[in-house]
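Only one chain comes next, encoded as structure tokens, the form predicted on its own.
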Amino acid sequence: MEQQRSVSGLSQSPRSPSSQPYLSVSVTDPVKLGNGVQAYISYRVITKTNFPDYQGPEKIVIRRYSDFIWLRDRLFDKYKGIFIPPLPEKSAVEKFRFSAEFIEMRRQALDVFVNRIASHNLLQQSEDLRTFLQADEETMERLRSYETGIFKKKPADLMQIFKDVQSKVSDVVLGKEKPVEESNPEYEKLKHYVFELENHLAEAQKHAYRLVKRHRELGQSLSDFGKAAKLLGACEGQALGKAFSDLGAKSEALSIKLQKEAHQLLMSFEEPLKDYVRAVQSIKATIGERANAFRQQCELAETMKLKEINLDKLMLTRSDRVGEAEHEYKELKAASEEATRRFETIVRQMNEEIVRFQEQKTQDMGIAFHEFAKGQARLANNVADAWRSLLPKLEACSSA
């Protein structure tokens, strides 16, 4: 049965309507619809804005995960050189797809995704973003069915272009193709930074996952120990039995705190790290786009040189094909110039994007690690206080 949607969770705009332009988006109220393999989660997407191109100051629409994919793919296809924010991955394990924790993690990640787009000075002007935030469900379904571009024939994957570039490298190694690579020290430095960052973020995220798992396992162990201690207390004398019962109760209380802290650690520490691993993959996809643009530019320039040589030969021999060759040369020259402009645009955009990315990463990672340290300190204090409160009772029993 479909759950009732509440109107709770409406986030107030950070600015009043009379102040500077703003665009605030909230992804809220996930609801499971359908059954079996046709089941999916829908979300309430609430937009508050004073942008003149929007239909009004507030709009509420219902979206599903495939709608977010549509938006991401459209932006990636149109905004070359810009790091399109990543989407959370799908759960490959059926039993986890609709767990409360997975649904909340995805909702939070989708909220981050769309707000990164809304806060980007270029992406926020996208017509596709306006459509995503305002169109009715029937319109979105129709748009998805006409999805075009590089993601049409296979599942959307920002890494696909980068994988294509990697396959080109493999062809070079096997001697199938001559390499066409950009020789630029700053670009090489950028690629090295991105690959190193991905490795270190992935390693940090792996250990953050282990921390979450350890907290949960310790919480479960304390819960089991608490039950056992209370049963032991029930069969002992009054003083010792009371001490064991108190020990069991404290253990169970600490178990609850550990489970809550594990969830907090997951949402505020592990998930942000995982999100940045995905963000780096988006950067690598843009690097793949840049490599493709550079290769196309070089290939067109080389072909244009050959056409020019051929044209000169035809003119020397006064061939009747000169007119046709001149026309082909002009078309090729225009295409070559367009390819050069496209490549230069990607380079310029990437240079701006990497600065923006590093600034945002510094802020987000600072918040994540601060929340991690604060949570660990809070948990340590709670654990110490709980055990410390038991010491007088246990000491009384041991000295009796």
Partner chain sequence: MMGSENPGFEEAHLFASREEMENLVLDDPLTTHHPNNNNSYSSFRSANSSISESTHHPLSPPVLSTSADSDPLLSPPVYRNPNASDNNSYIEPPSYADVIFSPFDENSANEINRIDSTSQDTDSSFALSRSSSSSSDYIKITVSNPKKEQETTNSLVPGGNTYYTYLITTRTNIPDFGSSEFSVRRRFRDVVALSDRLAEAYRGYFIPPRPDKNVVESQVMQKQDFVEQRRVALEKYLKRLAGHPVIRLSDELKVFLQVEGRLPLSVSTDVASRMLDGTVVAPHEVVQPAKGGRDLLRLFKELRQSVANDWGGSKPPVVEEDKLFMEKKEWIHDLEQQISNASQQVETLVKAQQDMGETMGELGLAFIKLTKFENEEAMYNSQRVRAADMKCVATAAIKASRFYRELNAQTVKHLDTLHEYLGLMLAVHGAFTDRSSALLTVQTLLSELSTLHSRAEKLEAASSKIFGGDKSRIHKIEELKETIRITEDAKNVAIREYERIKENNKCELERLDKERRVDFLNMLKGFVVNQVGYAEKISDVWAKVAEETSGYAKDS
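Not measured: the values here are computed from a predicted model. Residue numbers count along the first chain shown, from 1.
Although not depicted, the form predicted in complex with the partner chain is the subject of the following passage.
J.: Is it true that Tyr65, Leu143 and Leu266 each have at least one non-hydrogen atom within 4.5 Å of the partner chain in the predicted complex?
T.: Negative, none of the three is within 4.5 Å.
J.: Since exactly one of Leu201, Leu311, Ala135, Cys298 fits, which has a heavy atom within 4.5 Å of the partner chain in the predicted complex?
T.: After the contact test, the surviving option is Leu201.
J.: Between the options Val31, Ile69, Met365, Ile60, which residue brings a heavy atom to within 4.5 Å of the partner chain in the predicted complex?
T.: Checked against the cut-off, the match is Met365.
J.: Can you say which of 221 to 229, 319 to 327, 75 to 83, 125 to 133 gets within 4.5 Å of the partner chain in the predicted complex, counting heavy atoms only?
T.: Only one stretch passes the 4.5 Å heavy-atom test: 221 to 229.
J.: With a 4.5 Å heavy atom cut-off, would you call Phe98 a contact of the partner chain in the predicted complex?
T.: Result no; Phe98 lies far from the partner chain in the predicted complex.
J.: Can you tell me if Arg210 lies within 4.5 angstroms of the partner chain in the predicted complex, counting non-hydrogen atoms only?
T.: So Arg210 counts as contacting the partner chain.
J.: How about His192: is it within 4.5 Å of the partner chain in the predicted complex, going by heavy atoms?
T.: So His192 counts as contacting the partner chain.
J.: Give a yes or no for Arg341: in the predicted complex, does one of its heavy atoms lie within 4.5 Å of a heavy atom belonging to the partner chain?
T.: It does not: once the partner chain is placed as it appears in the predicted complex, Arg341 has no heavy atom within 4.5 Å of it.
J.: Going by heavy atoms, what in 227 to 248 lies within 4.5 angstroms of the partner chain in the predicted complex?
T.: Heavy-atom contacts to the partner chain in the predicted complex: Ala228, Leu231, Leu232, Cys235, Glu236, Gln238, Leu240, Ala243, Phe244, Leu247.
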